[in-house]
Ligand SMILES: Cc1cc2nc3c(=O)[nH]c(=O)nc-3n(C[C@H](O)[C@H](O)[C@H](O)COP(=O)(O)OP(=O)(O)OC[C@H]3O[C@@H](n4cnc5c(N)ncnc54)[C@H](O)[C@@H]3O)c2cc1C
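What follows is a single chain, given as structure tokens, in the form predicted on its own.
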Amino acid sequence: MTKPESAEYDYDVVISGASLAGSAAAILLARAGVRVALLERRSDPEAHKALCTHSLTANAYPVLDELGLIPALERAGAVRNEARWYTRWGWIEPRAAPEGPELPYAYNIRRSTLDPLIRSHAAQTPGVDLLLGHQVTGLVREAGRTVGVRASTPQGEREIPARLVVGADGKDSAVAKFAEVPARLHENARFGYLAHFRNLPLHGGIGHTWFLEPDMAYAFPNDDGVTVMAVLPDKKRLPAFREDLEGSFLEFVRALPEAPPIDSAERITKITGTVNYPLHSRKPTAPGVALIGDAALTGDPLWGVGCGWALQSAQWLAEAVASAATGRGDLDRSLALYARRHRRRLRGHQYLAADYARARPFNPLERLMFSAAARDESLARHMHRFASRLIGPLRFLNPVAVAKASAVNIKHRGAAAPVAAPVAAPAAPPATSADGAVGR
């Protein structure tokens, strides 16, 4: 792109990171007339993130649709992400209501397929310059605000002026670091490992998640017949995994309820993972800077929401700042609107995730909702909407839903109670828990 002589900046927006969030933001901004430099530190256009749930939750579908990616995803073999979840009360199996609409969905698709696809889509969008091999090494500041970046490029160091710099560069964001945006960290008391397998059939051909309290696991079918199998145990089990990673991984999977036949499957990748993956939250804006995706908020990987939130935050940013980024509005006010929306939509989810990341058993309210969802189809659909991040915590735990869950569990308790045989003296009543279940 040639810089017009009258232009104050080389670009309206510089985005650091050409993965999901960065590429989506570049596409949406450019469609609104914004001149975008999309920087990617890696030189390979096929580069992709490996450590990921490889799942796009249903909240991402509207963004994928707006980006025009749905046909390409389905051609690439993306799998609609139906799922069932194991709990100590049985399986939660969301199904569409009779005569009702199908359940909302998005896709499971490997990042090795997804990342190059969306990056190529961005590169082909008029108004986007994809600059591979460009790594941000600093920010250009004037009068206390950011007005561009310094970058290491294949041709040497370069300054790229812009009205707005967007950090889409992950949980260890260099943009956030250079802008001195502090992070609030939450310890994750679980660690995680995953691997990709062929010939690993799953019940119903759909995704599985195991809530083992406190351990977790999931298995998601993906494109090209590949299943991602992940385990997320309490860190108390870490010594065994460090001593024998493969053996411990396989032993953990074999012990799962309705365990997939891991021993007859073909593992096609290494077992990879991390032993320390804290959750963190950052203020999503600073003067002249916006953060999207993991750079703004890194969730607990066990929920599989990071890809969806990356796409949503890119959309929220584009909607808020597109006009101001071209000089036709107040950029600071637009950034404030984005920050408020980001906090309003994600803060409650992150609060619950950070609390559950302590590797604790379910609390009484969670026991109430999960046990009822395993027993009632409408509550299973309600759980599905929450797990898909289509509703927030307040709607998930609204008084009507909590009352219905209580009624379901009371009814279950009554149905499960045995008929007492005549005895000389009354027997002690059965012990019950906060969820109303008997004899777990």
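Computed from a prediction, not measured in an experiment: that's the story for all the values here. Residue positions are given as counts along the sequence shown, with the first one as 1.
One more form of this protein, predicted in complex with this ligand, exists but is not displayed; see below.
Name the stretch: of 326-334, 287-295, 70-78, 97-105, exactly one has residues whose heavy atoms fall within 4.5 Å of this ligand in the predicted complex. Of the options given, it is 287-295.
Proximity to this ligand in the predicted complex, single hit among Ala32, Leu51, Leu64, Ile391 (heavy atom within 4.5 Å): When this ligand is considered in the predicted complex, the option within 4.5 Å is Leu51.
Of Pro233, Gly207, Gly148, Gly306, which one comes within 4.5 Å of this ligand in the predicted complex, counting heavy atoms only? It is Gly306 that has a heavy atom within 4.5 Å of the partner.
Given that this ligand is not shown alongside this chain, does Val321 nevertheless sit within 4.5 Å of it in the predicted complex, heavy atom to heavy atom? Outside the cut-off, so no.
Considering non-hydrogen atoms and a 4.5 Å limit, does this ligand approach Ala21 in the predicted complex? It does: once this ligand is placed as it appears in the predicted complex, Ala21 has a heavy atom within 4.5 Å of it.
Partner contact for His412 in the predicted complex: this ligand, 4.5 angstroms, heavy atom: It does not: once this ligand is placed as it appears in the predicted complex, His412 has no heavy atom within 4.5 Å of it.
So in the predicted complex, is this ligand close enough to Val36 to count as touching (4.5 Å, heavy atoms)? Taking the distances in the predicted complex, the answer for Val36 is no, it never comes within 4.5 Å of this ligand.
May I ask whether Ala176, Lys283 and Gln312 each come within 4.5 Å of this ligand in the predicted complex, counting any non-hydrogen atom? So, no: the whole triplet misses this ligand.
Residues in 138-170 close to this ligand in the predicted complex, defined by a heavy atom within 4.5 Å, in order: Result: Ala168, Asp169, Gly170.
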